[in-house]
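As a starting point, one isolated chain is supplied in structure tokens, in the form predicted on its own.
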């Protein structure tokens, strides 16, 4: 929503617009490259899976969804071959969700698209402004991301 001067928007909205554009570009590209069974909800959850795997309860907490919702999304991702569940080496009762081979292929496409979009944004903003934006957002993450 515009502020009293007509064009002042809060920082969260200004961060949201490029995030939404990146997310839309990613989903469109991965679908075009054969990963057309991935939903936005699944992608958002899968993006939170750490390099060694992540427990379902942690995925649910980070995605701000119930454990049941996270479990349903992971079930779908597993059936599609994007993730696998493995025993947690630190707790025999727990399991980790890890990226599977098809998921690694998807991640490779996503990383390529991210680099393309960032290059476009850098061309638009310039190197210095992009570096300043990255530095400012990295500092803001210290305050806003409890999962970093």
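Residue numbers count along the first chain shown, from 1. The model shown is predicted, which means the values in this text are computed figures rather than measured ones.
This protein has a second form, the form predicted together with another copy of the chain, left out of what is shown; the following refers to that one.
Proximity to another copy of the chain in the predicted complex, defined as a heavy atom within 4.5 Å, holds among 80, 63, 56, 100 only for 63. In the predicted complex, residue 37 stays away from another copy of the chain, with no heavy atom inside 4.5 Å.
When contacts are judged by a 4.5 Å heavy atom cut-off, residue 70 does not count as touching another copy of the chain in the predicted complex. Using a 4.5 Å cutoff between non-hydrogen atoms, residue 48 counts as a contact of another copy of the chain in the predicted complex. When another copy of the chain is considered in the predicted complex, residue 26 lines it closely, a heavy atom lying within 4.5 Å.
Heavy atoms of no residue among 76, 93 and 104 are located within 4.5 Å of another copy of the chain in the predicted complex. Taking another copy of the chain as positioned in the predicted complex, the residues of 108-139 that bring a heavy atom within 4.5 Å of it are, in sequence order, 110, 111, 114, 118, 120, 121, 124, 125, 130, 132, 133, 134, 136, 137, 138, 139.
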